[in-house]
Every structure is written in structure tokens, then in C-alpha cells.
Ligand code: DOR
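Okay, here we've got a single chain as C-alpha cells, the form predicted alone, with questions on binding and movement later.
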Amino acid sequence: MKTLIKNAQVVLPTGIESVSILVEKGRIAAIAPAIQTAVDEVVDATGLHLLPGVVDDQVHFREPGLTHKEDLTAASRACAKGGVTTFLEMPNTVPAAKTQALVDEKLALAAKKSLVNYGFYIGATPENLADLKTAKNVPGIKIFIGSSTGDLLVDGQDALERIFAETTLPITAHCEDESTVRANAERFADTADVADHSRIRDHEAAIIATRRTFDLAKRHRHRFHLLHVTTGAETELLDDHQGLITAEVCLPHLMFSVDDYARLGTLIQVNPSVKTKQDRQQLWQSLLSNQVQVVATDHAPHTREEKQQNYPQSPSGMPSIENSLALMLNEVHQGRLTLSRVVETMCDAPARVWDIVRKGRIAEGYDADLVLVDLELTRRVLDEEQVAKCGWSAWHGCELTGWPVRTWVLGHEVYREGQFKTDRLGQAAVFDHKRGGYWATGD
């Protein structure tokens, strides 16, 4: 099957050009192919922009064990609708993915259910160093330094030293200092105000844990990716990356601040917590300056009934994956950043950070994971139109300009203007960690 996408404005690594793209056997066969090339399908993309598919490196799709909140079928459809063609999922499912066998079980589930491409982190515990040293077919090791329960919580210094010293896979972490969070929680033990969530999971908790992991990464010369930066103080640490450290910001922290609790309440209760308007402004500045390389979602859905419980019974986390690209395209429409920067942070950089083979760019030989977007299309985010299983969005009622309209995974169209094609599924992402990560492949 040969497909020619023509008349689109194509976002290439070198800039935006009006060229045709030839897709064959799941790959990008040619950019600006010969005019006489015979094809099976022609897609006229006049007036639209063609982007590489989004790579979201931080999601919680809840399967196995918590499928009343989300599952791989619904979540991968939400990905396809939102222009996300590859996701990397966190290990805190039930059971937690802390051994190769449990990672392999999740890979097998996705092979039967996921409409888009997928990968799964292995979770660190204080006791599974042998599993971490031998893990394969994973993007990296996930450590919860705070904000977890059971044996996925790793905050003891000896265990952290051994993980950084004795493993070779890239490491990523949720960085909130557990002792600080617990001490703050005792101070606000009688609270029923969700705004206190940002006082419990405060700036100090984030900064202490971030400094701690940066020290570990630098002393042990170990690649480290900082998840969901939330404070301006953390961004100031990122210039001294030493070719080892990358970072990301997630949509809840880019889009909301503590001032939004009055309007949205527990819907924007997330871990780490949202911070001040000034922090939010510094996050945007760090994104524009490349102090922060990646934009992700931390898609972490709960049912509406769960989220509507009074604080602190309400769980932290929110869905966002099917609106993530549209939210960022709306920022392009408003002039905050360029379309090329959206592609760099949502497609190219996460693929490079995690050494994903043939993903993140529109280039010859790369996988034909593509999304066609209409930068002039204006729609509202509506709860009743959400594909994610929980069926709600913190952006309900928001009007956005710039939306995905068609998505291809490995050259196969999986979504077109509200309709899904489910006759073919995605594939497991391939990781080549000999590539050396983001800083080894350019800036």
C-alpha cells in the first residue's frame, strides 16, 4: 500500500515546507517523491499541516488492575484522536510492573488492545535491583521518590545509590521529598480545602528531591530524566545538565495554577501539585529556552465520582491525552510558541530522550506515524465527547483553535474526524539505548 500525502505544510526537522510525503510499508519512503510515482491512495491535505505523531512519555493507562478508571482500548483511542501515536506507560498498575515478567504481561495486553504504539517502564523498588539490571524492551527505570505507596516508594539513600550506581538503563523519577510531604500533611491534617494540596506538596518538597536526584545522576554519571517540573527553582537547576539530565513539563502545570482551585477544585488536584502563576510563567520560559525539553501529559484518570469526593479523600490525577496536542496548538494560535517548537517538545525530544527507533520526526526511513492538523479549526472541549474512559476533562467548555483531524500509525490510518479504524493495532516501540539519549544526538 502506497499513500501520497500532498499539498500539506509539512513540519520537517529543517523547518516547515510544502512538500509531498510518500508512505510505503509503514515507513516514510520519500519526501518530495518523483511526480510520476504510482500510488494506491492520494490524500489531499490542502490547507492543513502534517506533523510527526506525538510521543507521550508519561501516562497512566490503569491496565491491569484499575480498569474501571481507564484501559488500553479506550486510552489508545484517545491517543489516536489526539494525535498521539506512541505512549510510554508508568509501572504503578496492579500488580506493579517491577519485574520483566510483569512488563511482558503489559506488552502482551497492549499487543491485543492498543490502537497506537506503546512501551512500558519497569518500576524500581528497594529490593528489585537484579530485575532493574537485566530489564529489556523498556524505555527505562521509573523511581517514585515520594507520591507512591507500597514497595514502589524508593526514598532510602542506600537503595537510590545502588540503583544509580549499578544499573545502565535511563532513569526517570517522580521527585517529591516524602518526609517533607508527610510533615506538611500533619500540619494540615484537618483540612478539607483542596488548595492545601499545594501547601502539602509544596515547593520545598519538589526542590529537595530534584536536587537529590541530580546529585545522584552527576556523581554516578547516569542518564536521568526529571518528570513534571513544577517550580521555577527547579528550572534554574537545569542549565547544569552535564549531558546527563533532561526534563519535562506536563500540561496541568503549564495550564493551571493555585488560583484555579477556586474554579475547578479537585479536578486539578495532581501530584506534584500545581504551583503559583509565577512558577507557571517560569515553566513556559524554560520550555521556550530549551531548559525543559519535553512536554507530556501525565494522563492519570479517575472516575468523576472519585474526583468529586471531598479533599483529601479525592485522588490526584487528571485525564488529558486526547486534548494535549490541541491545547498546545491553541498556544501556537495565541502566539506563545511556534509550531516547530510544539513538534520538538512533543514528538522529537521524547523519542530522543528514550532512544526510540524511527520515531518523532518526518524523515525518510522513519515510521509513518503522522498526524494531520487544522490550525484554523475551532472547537470546544466537551465532557460528553471524551473518548477516555473516565469521560471528563478539566478543560470542559474551553474553546481551542487547532485540532488533529487525521492520524496514521505505521502508515495505517487509525483516526479521521471522529471515526476510528481498528482493523490494525500499534506495535511495541523499539529502544536502542546505545544511542545515548537526547544530548548525544544534538541539541
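For every residue, the number given is its place in the sequence shown, counted from 1. Computed from a predicted model, the values in this text were never measured in an experiment.
Unshown form predicted in complex with the named molecule; subsequent notes refer to it.
Student: Pick from 295-303, 204-212, 337-345, 366-374: which stretch has a heavy atom within 4.5 Å of the named molecule in the predicted complex?
Tutor: Comparing against the named molecule in the predicted complex, the contact stretch is 295-303.
Student: Check whether residue 312 has any heavy atom within 4.5 Å of a heavy atom of the named molecule in the predicted complex, and answer yes or no.
Tutor: Flag for residue 312 set to no.
Student: Wondering, does residue 316 line up within 4.5 Å of the named molecule in the predicted complex on heavy atoms?
Tutor: Looking in the predicted complex, residue contacts with the named molecule include residue 316, since a heavy atom lies within 4.5 Å.
Student: Though only this chain appears here, would residue 128 touch the named molecule in the predicted complex if you measure heavy atom gaps against 4.5 Å?
Tutor: No.
Student: Test of understanding: in the predicted complex, would residue 271 fall inside 4.5 Å of the named molecule by heavy atoms?
Tutor: Contact check for residue 271: yes, within 4.5 Å of the named molecule in the predicted complex.
Student: Taking the named molecule in the predicted complex as the reference, which of 282, 148, 324, 266 has a non-hydrogen atom within 4.5 Å?
Tutor: Residue within 4.5 Å of the partner: 148.
Student: Please pick, from 92, 231, 114, 246, the one residue with any non-hydrogen atom lying within 4.5 angstroms of the named molecule in the predicted complex.
Tutor: Checking each option against the named molecule in the predicted complex, the one that comes within 4.5 Å is 92.
Student: For the stretch 166-185, return the residues whose heavy atoms include at least one within 4.5 Å of the named molecule in the predicted complex, in the order they occur.
Tutor: The one in contact is 174.
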